[in-house]
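Just the one chain here, the form predicted on its own, laid out as structure tokens.
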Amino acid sequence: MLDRRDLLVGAARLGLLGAVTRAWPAGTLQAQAPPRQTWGKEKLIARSARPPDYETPVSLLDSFITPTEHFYVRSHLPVPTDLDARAWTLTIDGEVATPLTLKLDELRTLPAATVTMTLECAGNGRAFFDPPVAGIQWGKGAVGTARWTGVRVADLLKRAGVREAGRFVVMNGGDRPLGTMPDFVRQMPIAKALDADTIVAYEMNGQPLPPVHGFPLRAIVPGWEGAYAVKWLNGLSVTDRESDNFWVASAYRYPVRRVAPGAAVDAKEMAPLTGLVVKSLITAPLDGAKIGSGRVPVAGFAWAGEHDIAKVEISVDHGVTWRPAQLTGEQARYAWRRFELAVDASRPESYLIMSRATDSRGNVQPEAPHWNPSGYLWNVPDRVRVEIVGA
């Protein structure tokens, strides 16, 4: 049986994506398949079973560190079945003086580094774009924060000896092409690979990576969109030119100029996605909540990839006025920051609560999304509607 994603990729290549999407909406094909392993993600929203894609409900995102069992899952291909830690190797080759092949035990003997990072799928929020775009219809929960521990990529490249011609590092994993789906690889510039915080992780929140999160090894490219965090990592190849792989040359790209909603954009008129945009998420109160009148605590998280959060503002009058929230709790360079503010909701009526973040560069969440044909980087102010029902 064809997986829906296989069908969509093949249809896109034939120019039939719109027709296929209308004929087989998300979930139709997966519903015909037999039950599959849930990977301990029973409390999450299953967006796809094969490969596994799970979204975290907002109600489970109210802690600085997202528990591993609540962490969202994004997979382009099925989880490999041959994940043997004893036999697993990581190869560093290409434009290097000394190609290396290292086993997991050898990597663990090297100096370890821990990076606390908010990981977000570039398509988080895709379901809110208008007109609709194809792809997994993520809501708000394809995001989470974890502590990742591993070895610095810079240390590995230093041991291998990068030649002067080396400009990029191509990352590949142990997942295998499926049907029409091409091999999933990602590429980062050599400067990002040499950043002290870019690591090959073997632990997540102090424990070995679970298989669905990339065991035994996963790339962590801090501050950049989640597809760079290649799972089941088994190869780093230093190259002198950009990869022509589909996932580099055609996918995960963003228009270099603003385009009208619904406009088609050629891949040549787009640049690779890198860092995340400034964004906020209200985690309390939850959308649709019924609350007694009085002071209502509003809380959530804001993040901006490689940049700090400068401020978060809250509005309860449809954005006419904004009040500054307090930034609280733990702070880490690549991690989200908690915000809190108690608002007055004394009248029994419907309230629209909105949050708007500003990063350290002065970028503010826009009132309207920057439309793009892949539905990436949705970051308008977050909003929840609650009913005040009286004392």
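Here the structure is a predicted model, which is why all the values come from computation and not from measurement. Heads up: residue numbers just count along the shown sequence, starting at 1.
Another form, the form predicted in complex with a small molecule, is not on view; read the next lines as being about it.
Heavy atoms within 4.5 Å of the small molecule in the model of the complex map, among the stretches 93 to 101, 76 to 84, 151 to 159, 292 to 300, onto 76 to 84 alone. Proximity to the small molecule in the model of the complex, taken as a non-hydrogen atom within 4.5 angstroms, holds for one residue of Trp88, Phe168, Phe129, Tyr252, which is Tyr252. A single residue from the set Lys140, His307, Arg218, Lys192 has any heavy atom within 4.5 angstroms of the small molecule in the model of the complex; that residue is Arg218. Residue contact with the small molecule in the model of the complex: Tyr202 places no heavy atom within 4.5 Å of it. Looking at Val230, you'd find a heavy atom of it within 4.5 angstroms of the small molecule in the model of the complex. Contact check for Lys279: every heavy atom lies farther than 4.5 Å from the small molecule in the model of the complex.
At the 4.5 Å threshold, heavy atoms of Leu119 reach the small molecule in the model of the complex.
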